[in-house]
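This document opens with one chain alone, in structure tokens, the form predicted alone.
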Amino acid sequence: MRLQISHETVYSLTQAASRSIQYLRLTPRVDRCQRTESWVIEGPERLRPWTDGYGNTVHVASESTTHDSLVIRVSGVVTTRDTAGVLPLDDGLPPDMFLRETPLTAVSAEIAGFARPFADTRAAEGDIAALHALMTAQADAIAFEAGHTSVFTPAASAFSTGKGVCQDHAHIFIAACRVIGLPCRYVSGYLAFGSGDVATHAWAEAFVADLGWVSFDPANRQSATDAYVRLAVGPDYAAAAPVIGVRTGGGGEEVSVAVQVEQVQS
């Protein structure tokens, strides 16, 4: 699928800030399921690119003049390929590094009790069967509803609430995979729906020996298809957020985000 993507984030302040620094993980990753034909990032006065420890392309966007708004825009064309949700066996990141617990993916007693039966499924039927069963059970247990959590809500809180959105589902799935002994990581990106709607999105990838990283999107009850574009991976949202930053001064922040993804001809 050939996708034209446009993504604009606008920060408006009622009180001006004297300095802002944003970390932008808004460049599609290079892997076997997607190829970037063109990509442009526009933002504050300075944009400095670097590669983080997870292989994500990051731009440090800094604004040192007094300002009451910031505008970050990215646009380009990405060609995607449906690989049945499977990525290469080795992308340079040791799988066991994603067994490490983080504050957002800590395992609570409730999550442990929910996930533990799938260890038996894993032993009897294998990793893939256990992971798909886990994804389906989680989708049944956690209602997809906005307004109950934030991007910094821990998996344990979202699970206890029984409601959340895509990043909550990703965090819970990562925590549950740790219970059954499988490395799992967070993915941020875009998802274009067949209806033409589009959103920034988050899902998870679990490591299956002799196969590779396999994607699971409990919020949509499926593995990634060619409608998904991968931006960044990490142990949780904090490490893979598309835009995150700090500022000096300023107040009364409002954020507006506009994303468009259109399928275009080759």
Partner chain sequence: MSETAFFDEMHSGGGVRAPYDRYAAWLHSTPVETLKQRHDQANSLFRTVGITFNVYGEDGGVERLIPFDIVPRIISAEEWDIVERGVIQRVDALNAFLHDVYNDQEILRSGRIPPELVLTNDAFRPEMLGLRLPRSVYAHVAGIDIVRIDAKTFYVLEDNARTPSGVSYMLENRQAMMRLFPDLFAAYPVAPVSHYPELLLDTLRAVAPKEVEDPTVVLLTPGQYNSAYFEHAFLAQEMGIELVEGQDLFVDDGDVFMRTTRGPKRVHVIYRRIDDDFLDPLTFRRDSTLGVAGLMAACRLGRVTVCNAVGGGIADDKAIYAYMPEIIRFYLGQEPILKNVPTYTLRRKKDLDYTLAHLPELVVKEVHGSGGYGMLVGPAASKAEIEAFRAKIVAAPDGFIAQPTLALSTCPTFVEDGIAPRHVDLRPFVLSGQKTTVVPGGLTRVAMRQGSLVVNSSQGGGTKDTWVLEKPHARPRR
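Positions refer to the first chain, counted from 1. Given the structure is predicted, the values throughout are model-derived calculations rather than measurements.
The form predicted in complex with the partner chain exists for this protein as well; it is not shown, and the discussion that follows is about that form.
Taking the partner from the other structure, the partner chain in the predicted bound form has a heavy atom within 4.5 Å of a heavy atom of Val60. Interface residue remark: Asp140 is not counted as part of the site for the partner chain in the predicted bound form, having no heavy atom within 4.5 Å. The partner chain in the predicted bound form is approached by Tyr23, whose closest heavy atom lies within 4.5 angstroms of it.
Contact annotation: Thr66 falls outside 4.5 Å of the partner chain in the predicted bound form, judged by heavy atom distances. Here the chain stands by itself, but in the predicted bound form one stretch of 184-192, 89-97, 156-164, 131-139, 89-97, has heavy atoms within 4.5 Å of the partner chain. In terms of contact with the partner chain in the predicted bound form, the residue from Glu42, Asp52, Asp31, Asp226 that brings a heavy atom within 4.5 Å is Asp52.
Contacts between 170-189 and the partner chain, taken as any heavy atom within 4.5 Å in the predicted bound form, involve no residue at all.
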